[in-house]
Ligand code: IPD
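A single chain comes next, written as structure tokens; it is the form predicted on its own.
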């Protein structure tokens, strides 16, 4: 991998030391289920300061501070603590997600779970790795697959179609996982621990790193309704280990999801 990505991995690992729950200050944002902590803010500030120094004229799009993206080709897309609710409750399944988007497409991804000391890394054309060892998606068929999904927690108006999709997939597959941390669930697909992924409404910082990982691990990941990777809005996400599983999952999802379920913009 190139030098910038290797350095970014070390920066992300250092940022993991800031995920401290002692004397944690917690705020709600948006709705009762959406939280931000002073640790989220500290991790994002740390990453913003250091990542932008790795690539000339690169910028950061972070979950907590939606910095305006100017006309640049390289954007670091950062979720400082993905799974904040898990983090607050001490569940031990949260992570730092950093994707590098080049010219509108995920180019590299770093997802770090400090609780298990697992560093997932991918770079376009270089493969996907977990703690330095190459990973690939599984070859399980649909009936033997695990689905990772959720019920659109931050906008429960879309819960009903999510439940319908989950039920239909569940009845045709092996089992369901709902872990509460989108980036780590996408990393699970890349590592062959799960095979199917659907969420109605993810933001760029939830998915950028995971897209790079799944694609480099041999899987398929797509923003439904969009030809390129949006940086200015949430979007539905479908991913799978094989093209066959992807098409079957997509067919189920598309029967339940409106053509354009929402038109929200991120304030940049």
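Numbering follows the first chain given and starts at 1. Bear in mind the structure is a predicted one, so any value in this text is a computation, not a measurement.
Just so it is clear, the following notes concern the form predicted in complex with ligand IPD, a form of the same protein that is not shown.
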**Request:** Report the stretch among 133 to 141, 101 to 109, 115 to 123, 82 to 90 that approaches ligand IPD in the predicted complex to within 4.5 Å, counting heavy atoms only.
**Result:** 82 to 90
**Message:** For ligand IPD, considered in the predicted complex: do all three of 194, 222 and 246 come within 4.5 Å of it, counting heavy atoms only?
**Reply:** no
**Asked** From the list 188, 150, 165, 128, which entry has a heavy atom within 4.5 Å of ligand IPD in the predicted complex?
**Response** 150
**Message:** Contact with ligand IPD in the predicted complex for residue 215, defined as at least one heavy atom pair within 4.5 Å: yes or no?
**Reply:** no
**Request:** Spell out, yes or no, whether the shortest heavy atom distance between residue 34 and ligand IPD in the predicted complex is within 4.5 Å.
**Result:** yes
**Message:** Please determine whether residue 158 contacts ligand IPD in the predicted complex, using a 4.5 Å cut-off between heavy atoms.
**Reply:** no
**Asked** If you check in the predicted complex, is residue 182 within 4.5 Å of ligand IPD, heavy atoms only?
**Response** yes
**Request:** Can you tell me which bits of 194 to 212 touch ligand IPD in the predicted complex, meaning any heavy atom within 4.5 Å?
**Result:** 199, 201, 202, 206
